Every structure is written in C-alpha cells, then in structure tokens.
Ligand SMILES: Cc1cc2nc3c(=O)[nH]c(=O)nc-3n(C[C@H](O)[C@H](O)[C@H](O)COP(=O)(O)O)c2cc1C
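Shown below, as structure tokens, is a lone chain in the form predicted on its own; questions about how it binds or moves come after it.
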Amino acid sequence: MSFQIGNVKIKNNVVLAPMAGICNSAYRRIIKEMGCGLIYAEMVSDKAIYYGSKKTIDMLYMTEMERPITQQIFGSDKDSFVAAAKYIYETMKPDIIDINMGCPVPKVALRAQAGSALLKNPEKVKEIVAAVVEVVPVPVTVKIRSGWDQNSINAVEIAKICEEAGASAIAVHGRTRSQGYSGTVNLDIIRDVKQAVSIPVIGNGDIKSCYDAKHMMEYTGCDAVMIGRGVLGNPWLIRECVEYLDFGIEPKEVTIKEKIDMIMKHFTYLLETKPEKVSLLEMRSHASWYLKGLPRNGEVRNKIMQTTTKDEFLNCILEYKRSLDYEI
C-alpha cells in the first residue's frame, strides 16, 4: 500500500533506516532491488558539509535507481543546518531531506550535542526544522526517539513541534537515547505520536521479520515501518516485508546459494564506487553478516579477515562455495 510524504509518493510501506557506515550507494542499490519503498542514505554532518569535507561530500553520491531517497543530516546549529541542507539539495537533489534527532552514539549526542540531544531542547527543535523547511523545496522530515531517557519521554511533544514547524513526516524509534539499542522497542510511544499528529509517521525499532512489521503497523497505526539492523546480512527481509504487507505472501527460506551470490554482488557494487582497499574493508563486515548461520562460517570468516586484495577475497568466497556444493 502506498503512502505520501509531501509531494513524494512512496509505493509501499517499507523504509530503509539511515545506518551509519552501512547505507552507502552500493547497499542502497541492493535494498532497492528488494523492492524497498523509501531509502534513507546514511547521515552526514552539517559542519562537515559546511566546511567542504571531501569525504562527507563523497557520501552524497547516489544513482537514479535509488529514488525516492532521503538524505539525513545531523548537527546542532541552525545556520550550518541551513547551509548544509541548501548544498545537499543543490548538489544531490534528494527527494526528501531528513533531520536527525535520534542518534544515540556518544560522539553525536554527547560531544556534538546533536542527534537525540536535541530532544532536550524543544525550542531549538522548532527553530532548526522551520529554518530548513524554509530553504529547501523538497519535503523535510525528522527522525526522533521516544526521549532522552525514561524520565523525559517527550516524543509526542517533539512530533507536534516538528509538524507545526513544517515537517512533512516523523520517524519514531521507540527507545530512549539512554537505552541505545538495548531492551525492546516501545510501540505505545509510536502509537501515541501517530494519534497526535496528522502528518505520516514511520515506526522504527525491532523489525526482524515481516510479522514484526505487520504487528507494528497494526498496533500503532503508523504509515510505514523503518528497518535497520534487521537487514544486516539479510536484505531479503525488505522483500519479505513488502510481499507480506501488500499481498500476505509468507516468506521463503533464503538459500545458501542466494547468500553467497549476494556477497559477490555486494562486493561488485562496492568496487564500482569505492577504492579496492575501502571496498574490501567494508565487505569483511558484510560478509560476516551474510555468512551467519551457514556451515563452517567461522572458518571462512577467519580467512576473509586475512584477505588483502579483491582477488584474494573473491577466491576465498568461490572456494567456500565449491566446498559447500561438494558437501550438499
């Protein structure tokens, strides 16, 4: 079932979360091939954009097939937020710009007083959202958490402020900043936000299966579900959620061959956009996630960690695939 953020129509209710260090163009292409309705690119620093960091600007790379795409920005200063949003719109032309008010990691929330730290300052939230909405012609959304800690649950208040400031949608992770990624997501918070605002609400947290996705949508009434860590090593989860939510199709087991072939595809996509050394370092982590639960995965993961070239990596995977074919 489709929904809409501002003037951007999204073909289904499944959204990729903006995971730092994960959601680059190569991974987003895979997720899009799985049918994802809306993709979030990994967050970029407003200050890094403002000061022209090449590494950060390179993160804005995208392909047309990834649309509709949301580019997320984090920061704590209105002026640099505005400058970064204008630059990103003019350079990248994303369909949506998102303001991060949910990141819990210390270097963002504590050191930079950005991300979820903004939840402690509702006036600043309003100021930043309104300023960004004013300078870009695309919809602006905000990603929040339930609050800073258990004693300051203010997601409903913040969501209302964002809506009043002109935000076109809200994504809510049903955990506090102090929880990080521990414990379980509080669906009541997402439900309360949905009931409090008239703009679309995207629910986020603990989507590990298509059944989790359906439960979140039914319980909270949210317009879409955002999936993050559940897709690590399992991009098929996106397709499973789309098919189950839209057509009631039960998921099928992903085969060993599909997982190994995906490792090869993912590495190929990375090599198209990044240097060999960088691609290899990233692929080591992804390969470990893809291999989880497969026969003798510990052995091949150890070998992968020792590879230093593209050819060594590919040969390692191919040898593993041949050994499995022989065993099966």
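None of the values given here were measured: they were computed from a predicted structure. Start at 1 with the first residue shown and count on from there.
Separately, the form predicted in complex with the ligand exists; it is not shown, and the next lines address it.
Looking at 89-97, 120-128, 153-161, 198-206, the stretch with residues near the ligand in the predicted bound form, meaning non-hydrogen atoms within 4.5 angstroms, turns out to be 198-206. Residue in contact with the ligand in the predicted bound form (any heavy atom within 4.5 Å), chosen from A114, I227, A169, V132: I227. Among heavy atoms of M43, some come within 4.5 Å of the ligand in the predicted bound form. Shown alone here, S146 lies farther than 4.5 Å from the ligand in the predicted bound form, counting heavy atoms only. Proximity of I22 to the ligand in the predicted bound form: non-hydrogen atoms within 4.5 Å are present. In the predicted bound form, at least one heavy atom of A17 sits within 4.5 Å of a heavy atom of the ligand. In this stretch, 282-312, not one residue has a heavy atom within 4.5 Å of the ligand in the predicted bound form; the partner itself is omitted from this view.
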